[in-house]
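Just the one chain here, laid out as structure tokens, in the form predicted on its own.
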Amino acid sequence: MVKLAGQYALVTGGGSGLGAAIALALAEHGADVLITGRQTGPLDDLAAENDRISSQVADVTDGAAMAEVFAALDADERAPDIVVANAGAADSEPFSKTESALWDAMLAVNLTGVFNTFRPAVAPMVRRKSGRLIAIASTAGLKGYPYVTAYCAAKHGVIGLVRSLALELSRSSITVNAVCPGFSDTPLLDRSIETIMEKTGKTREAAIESLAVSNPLGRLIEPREVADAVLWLAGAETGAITGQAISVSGGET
């Protein structure tokens, strides 16, 4: 069993979906957890579920805001031992209809958001010569999917960032890894399901099935399954696991 007592963690996009599952799992295993996101309500609701969880509004696309979060934690001697860059978005359009605004938005939250989260986390970890940096990427970072070229490009970028940073920090006992879920049962996926229903006329059940079919298990990935992968990477026994993109997809990738 992973033991995280005395560890401090930060999880972006922690108010719902994968981020909420990850934050709860870390707290259940003894870590104190700060969750960040753009909306106060979901953050406060989750924090109310576990005394080890606190919340703060911060947008990962705002580098200055994220730097302030880490600076305040460092000044309070709570620099995170575990940082999970989870915040993301997945808007879809055919490539021919993908405008620069959508492209920029997908890169901003899914790729630059990871940069903005990891960059201020590194210096305190280097000082301590320990730390866990974990990005929630996607199977979209390992393969292509139609109608989400911007999202796929961003997630491929996350994998490249993780692999490069892992090598750069390898002598500091800091591990850098990505977890790559397949289609997961989260509010983020609901938007894709609604789009499929709207554009194809399929029922909700049929729309879900059209996504789940890519998983050899024939189902969506559960958020707790992703959280379990994060827990493993956050533990003391995974010091030799770095620069990896770990697929949680039932064998899809």
Ligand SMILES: NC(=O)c1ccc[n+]([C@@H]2O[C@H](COP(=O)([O-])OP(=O)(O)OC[C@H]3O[C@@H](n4cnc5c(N)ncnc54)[C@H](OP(=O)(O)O)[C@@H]3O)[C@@H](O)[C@H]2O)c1
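All residue numbers are counted from 1 along the displayed sequence. Remember, predicted model here, so these are calculated numbers, not experimental data.
This protein has a second form, the form predicted in complex with the ligand, left out of what is shown; the following refers to that one.
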{"item": "Site check 10, 67 and 162: each within 4.5 Å of the ligand in the predicted complex by heavy atom", "value": "no"}
{"item": "Contact test in the predicted complex: residue 191 vs the ligand, heavy atoms, 4.5 Å", "value": "yes"}
{"item": "Partner contact for residue 187 in the predicted complex: the ligand, 4.5 angstroms, heavy atom", "value": "yes"}
{"item": "In the predicted complex, residue 244 touching the ligand (heavy atom, 4.5 Å)", "value": "no"}
{"item": "Distance check, residue 133 to the ligand in the predicted complex, heavy atom within 4.5 Å", "value": "no"}
{"item": "The single option of 150, 109, 178, 125 touching the ligand in the predicted complex, heavy atom within 4.5 Å", "value": "109"}
{"item": "Interface stretch in the predicted complex with the ligand - options 72-80, 125-133, 86-94, 162-170, non-hydrogen atom within 4.5 Å", "value": "86-94"}
{"item": "Within 40-60, the residues that have a heavy atom no more than 4.5 Å from the ligand in the predicted complex", "value": "58, 59, 60"}
